[in-house]
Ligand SMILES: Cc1cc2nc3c(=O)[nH]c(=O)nc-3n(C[C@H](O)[C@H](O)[C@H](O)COP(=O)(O)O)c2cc1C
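Only one chain is shown below, in structure tokens, and it's the form predicted alone.
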């Protein structure tokens, strides 16, 4: 039994209402730039059929000046519930982009007000809006007025430790018409370092009436439960914990609904899914997909003897066949290793694996 499970309210096994959309899962897959494309989302969806998934963030300015929609915005008509995430600092461009998102079939439109990357903040998007709360509220009002689906916001707790402004900021977003807010419990200056400050999510929950989703350091079922117990949030969003592990959202969702663990995928299973991911990226994006696949493949290669050497090879693959050759050899090695060392104690096995990860 996970510590804290008995303290969880029944609501976590029940649907979540976001505006006029009813979600059958309170576990969401975060938008991740360079990660949550159509290929990755299909894998997550297989294990989390009810969860809200998000596209990579899309520039409203880019959409305004393009005659054709980018692949980033392409969604599968059958992958509902799906949200298209937008970023910018121009209310009119964002309203226009949101209308295009609706036309593409989005169930909600999410506005990124939390990305800490310099190339985004320097142009007035992402977490820079934390320092411009009036503009951020104007953006939400503009988008809400342009579409008839729920508008949501993803943000951080503040610019830095001296500027933790999330309580006022979140209230402004709710007052402007946002139907849900996701709070990554780090400041912009933290980036992805240090610990998420979950205590601020609880404070946000106490001042808002719309759903509040907790984000930051959700790397396991146990972390998700601990976060919900501590924050009282209405749900959790998994981010970096899904890199090379598209099973996590489904694992957390299953536990919230049943109180039971799903069996952990074996190393061989993870590498088989990696092969599927690689093939999907090639089919969808061609050689660009192969280049993008290198980081994904290295994320899958962890937790077994020989993982470090495999990562070194996978980060240089030039084709699907290169990747398959590496992954198939690793799968065979794992199978042989397991057969040869069945008599080794779990403790000694863990030590051997740690030395070669």
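This is a predicted model, so every value here is computed, not measured. Residue numbers count along the first chain shown, from 1.
The same protein also has a form predicted together with the ligand, omitted here; what follows describes it.
From the list 181-189, 259-267, 205-213, 90-98, the contact stretch for the ligand in the predicted complex under a 4.5 Å heavy atom rule is 181-189.
Remark: residue 154 counts among the residues lining the ligand in the predicted complex, judged by a heavy atom distance of 4.5 Å or less. In the predicted complex, the ligand stays beyond 4.5 Å of every heavy atom belonging to residue 61. Residue contact with the ligand in the predicted complex: residue 48 places no heavy atom within 4.5 Å of it.
Within 4.5 Å of any heavy atom of the ligand in the predicted complex lies no heavy atom of residue 293.
Contact with the ligand in the predicted complex, defined as a heavy atom within 4.5 Å, holds for exactly one of 107, 174, 234, 217, namely 217. Proximity to the ligand in the predicted complex, defined as a heavy atom within 4.5 Å, holds among 307, 32, 317, 39 only for 32. Of the residues in 77-104, only 85 comes within 4.5 Å of the ligand in the predicted complex through at least one heavy atom.
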